[in-house]
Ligand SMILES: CC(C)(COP(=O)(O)OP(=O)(O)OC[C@H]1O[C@@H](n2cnc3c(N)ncnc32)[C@H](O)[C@@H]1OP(=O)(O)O)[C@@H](O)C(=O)NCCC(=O)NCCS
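The chain below stands alone, shown as structure tokens; this is the form predicted on its own.
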């Protein structure tokens, strides 16, 4: 058996558990439906459904509409990135959207033996759940039947999801007067995500990853950083990647906790983004993606997994599980997507204004970007609140790092009396102290 596969499958289990029962809104642009990987995307969406994830798929059809209008020898007009949907062209627009939707429904119906979707039995449902209104006149131009979302029937969508269906929505909205409006599929996705309280919005794109000025891919962005990036990158705003990123920004601003831009050309990008720690695309998030908090009892195993290899190497003093459980109140942890990636401990010394810093450990895959320094800063704030004046640490192999953090090499005489008698001369640890402001 392939060990890499077994390892990946085991590492994916926390995400499988975390995502089960959650609601994701997926933006699938018309361009992505035309790619070679289209059927793989559908298979991956079906897999999410089988894992208990509630899915709303909102498809676009810009590419298909342009082709249909060209066949009808109709000149399509775009103003400020929006199509002007003239009344006399609506039949061609509806034909393109309808054919795109049918293609998606057919893809979700596949189930040949030997295929990824064999036995999936996916149920796709929809309805008149999106109410729309005309955009109106902009810059003196009447957009006619181009509309914007007025309201979303969230309870109706939730009812369909509760029955185990994948909800498929087209870029259409209906008015109280019975008119049909051509609306932005991003507008639909964002408003639906807001209405049903979605946990994630996932936006496929075909323009490649989101990169900074140096060509480095952004793996994650705070909402504030995303907003700043979009303002500074206005020249990119017509590209699909930045269109998708803007949709993620708007979704998070509307209350969605996390949104993701992933490539429709990268086979398996959806699975890598959702079931691996570092993903494949760019994630925009409202909350703190990596959090530092007090350790809890259910963190014990995660802490042991972090410190055990360092104990074997002699970097840390060995701690039994029993000892760790009794000292848990002294520990803080750094958590990323339900994985403990760092820990540290602060032991105040009674009858003194000092505390010992101990057990600083970071997961091998995350020993960068100053995470250990963040843990130290957090403990220093905690020490200041306790009105402590000095930190000390005993170490055998990380002396330089503590020097870089403002610690000064000291000797056993500088230790509090309580710690002097416990000093292990055989281990011969170096002693470092830091005076707190």
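Numbering follows the first chain given and starts at 1. Heads up, when I say rigid core I mean the largest set of C-alphas that superpose within 1.5 Å between the two forms. From a predicted model like this one, the values you see are computed outputs, not experimental measurements.
We do not show the form predicted together with the ligand, though everything after this point is about it.
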| item | value |
| --- | --- |
| Stretch from 391-399, 22-30, 62-70, 408-416 whose residues place a heavy atom within 4.5 Å of the ligand in the predicted bound form | 391-399 |
| Touches the ligand in the predicted bound form: residue 141 (any heavy atom, 4.5 Å) | no |
| In the predicted bound form, residue 300 touching the ligand (heavy atom, 4.5 Å) | no |
| In the predicted bound form, residue 373 touching the ligand (heavy atom, 4.5 Å) | yes |
| Close approach of residue 256 to the ligand in the predicted bound form, 4.5 Å, heavy atom | no |
| Site test, 310, 362 and 368 vs the ligand in the predicted bound form, non-hydrogen atom cutoff 4.5 Å | yes |
| Residue among 223, 349, 315, 339 with a heavy atom within 4.5 Å of the ligand in the predicted bound form | 315 |
| C-alpha of residue 401 moved at least 2 Å between the shown form and the other one on rigid core | yes |
| Core-aligned CA displacement of residue 308 at least 2 Å between the shown form and the other one | yes |
| Displaced residue check between the shown form and the other one: residue 374, CA, 2 Å or over, core reference | yes |
| Comparison of CA distance in the predicted bound form with shown form for residue 365, residue 16, at least 3 Å | farther |
| Closer or farther: C-alpha pair residue 372/residue 259 in the predicted bound form, relative to this form, given a change of 3 Å or more | closer |
